[in-house]
Every structure is written in structure tokens, then in C-alpha cells.
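The form predicted on its own is given below as one chain in C-alpha cells.
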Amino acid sequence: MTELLVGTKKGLFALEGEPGAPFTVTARAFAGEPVEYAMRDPATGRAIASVTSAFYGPKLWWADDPAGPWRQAEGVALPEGGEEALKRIWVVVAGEEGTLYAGGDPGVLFESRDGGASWELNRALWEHPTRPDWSPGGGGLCLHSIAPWPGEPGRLALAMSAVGVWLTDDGGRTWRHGNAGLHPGYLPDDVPQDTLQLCVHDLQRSPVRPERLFLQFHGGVYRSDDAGASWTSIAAGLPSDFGFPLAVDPADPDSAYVIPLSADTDRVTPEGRVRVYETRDAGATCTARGAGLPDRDAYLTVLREAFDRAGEGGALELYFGCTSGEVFASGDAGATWSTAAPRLPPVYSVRTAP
């Protein structure tokens, strides 16, 4: 039995089931409010949700059970007296030694060491000397990807739209860029190579080979074999190089999955056919997986946080949700698919419970 926490435009839904059969809604919270992201902390089992209230702004909440009661976390705020406002918390990720990380807009990183009850702003990133040169992407200045290094609590990779990849080896006390090889085709040719206007959409690390990272760019899919210091294009064989989400097989460092969209100006599945593209050779080739997915007249959009996995290898489970309200599931590493939930509100995020 797999639990999914699904953040939607109209609340949080907890689903339970198995691929190949419909999932059951076991709980709903924050009815009517946008839930940007929700996950379970593997260290404590707590559910943590990011909710953007039209009246109170973005907040993090935690609960021992998705059905509640929910408690508001402390410390999710920017320093007083500044001109910037906290607009959204995009993602919450479990790091090493019980640490949790939350990334948000405007390009901020928060850290928690008490299971999400309280948070502290990473001041080194907030006060980085290049910050005046940072530019937002279409969805804002969002820190949306956080990739811890297994067994190395001081090492972390981040990705922001549109400020590229950031790396630290000292637990976030200092930060450096990791953008070599990324080519922003949306910018004029005369833009300097060291530009910070790099719109990364998603970043994922291989747990068994941590120096290997996969990246979905605003126009490109890339692989890094040196922990994010440099990048190689692996977009050959895809119907489009534009998309948002990524997933990896934790047992196979050569494996990754992407869901292409037609273009940055046409953010729907190409030709109305829903397909997940798989590589098992580090990007040398890609294979379309679509058995059981809509095959015609299905112009769907899958957002960056709406794709996740559970298990590994041949038993890898894959899940993704769409802004049209469907959640799709595979229990055989993408070979076949079924509909887990057909009629939810627009889906912002999907996460499996650890």
C-alpha cells in the first residue's frame, strides 16, 4: 500500500492504494486553499505542508496525521525591515541527520532541525553578494530544487528559477555556482557565459552515485558527473527539450524519467499524447512509456513538483499529477500506467510517503 500526499489548488489530499487500481482519498486538509507542496518527514513521520493563503501569505504547517490537527510552524519569515516579501514555499526536502530544508520565493532557503516545527533562514544565501543581479523566472524567483548528498550533511545542491545551480560543501555557510555547460537558448547570443539568468526547472541526484545529477532546464535536459560543477546535454531523442519534472531510479545512476511539454509557449503534452520518457543509459537514448496513458486529445500539463517515485529497480513505482486533476500511477518502472485519481483539483505536487 502506497500513500500519496497531493498538493492541489484547493487543498491537500492524502491518497492510499496500489498501482493498477484506483486510490482512495483518506484525508483532506486546507480545503479551498492552495497547497503548493506536502511531504512526510522520514525521521519523524510528520506530514508537512506549504499553504499559500490569500489573506495570510505562505505558511508551513505540520501534523502527525494528514487528517490533522495541523500546527503552524515558526520562523518561516524574512528579516524585518527589508523590501522583499515571502511569496511562496515551493518545496520541503529531508536532508541528513534529521535536517529539513524548505525552498521558496524570493530565492530563499530555510532549515529545520526539530521535524519542521520551527525554521531558520539561511543567511549566507539570503545575503549573497550576487543577489542584486538575480532575476525571477515565469513562476517567480523560486528555489524549487534541493538535493542533499547521502552521508555528507555539509554537501547540498540547489536550483533556482532563474538563477541556476548553487552548491555548498560546508553546510550552507558559503555558496558557489554550478552552471558550466548550461546553454540558455531563450537569451540572445551575446549574453555573457557567466550569466545568472539560468532557468533550471528541476534537479535530482542519484542516491547510489551522488556525484551524478540530472537536470531539466528551460530548454534542455542535462546530466552532471562531477556533482554539479559542469553539465552535458542529454536531450537527444525527446520530442521536446522543454518540461518541468524529473524522477530518478534510486538503484540505478544511469536512469532518469522526464515528461516533456511541447514548448515554453505551449505547455501541454506534445500532440495531445501523454508520455513519460525513460533513459537507462545516462541519457544516450530515451524510450517513450505510455501504455495506459491518454493517447489522443489529451493536452495536459505536469508541474515541476508533481512527479515522484517509490521503491526501485523493476518494482519502481512512478506517480505524476496534472493540472487537469488526474493522478497517474505505474508499478513497473513506467512500463504500464493506470489512473490513481481522476478528478482532483489542479495538481501542484505529488509525494510518496517514505
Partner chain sequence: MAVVRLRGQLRKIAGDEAEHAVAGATVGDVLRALERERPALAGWVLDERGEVRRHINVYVNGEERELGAPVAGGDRIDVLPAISGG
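Numbering follows the first chain given and starts at 1. Just so we're clear, the structure is a prediction, and the values are computed from it rather than from any experiment.
The same protein also exists as the form predicted together with its partner chain; that form is not shown, yet it is the one meant from here on.
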- Task: Examine G82 and determine whether its closest non-hydrogen atom to its partner chain in the predicted complex is within 4.5 angstroms.
- Result: yes
Just to confirm, Q72 within 4.5 Å of its partner chain in the predicted complex by heavy atoms? yes
| query | How about L86: is it within 4.5 Å of its partner chain in the predicted complex, going by heavy atoms? | reply | yes
May I ask you to state whether L78 is within 4.5 Å of its partner chain in the predicted complex, using heavy atom distances? yes
TL;DR on 55-63, 311-319, 293-301, 324-332: the one with heavy atoms within 4.5 Å of its partner chain in the predicted complex is 55-63
Within 31-52, the residues having any heavy atom within 4.5 Å of its partner chain in the predicted complex are E33
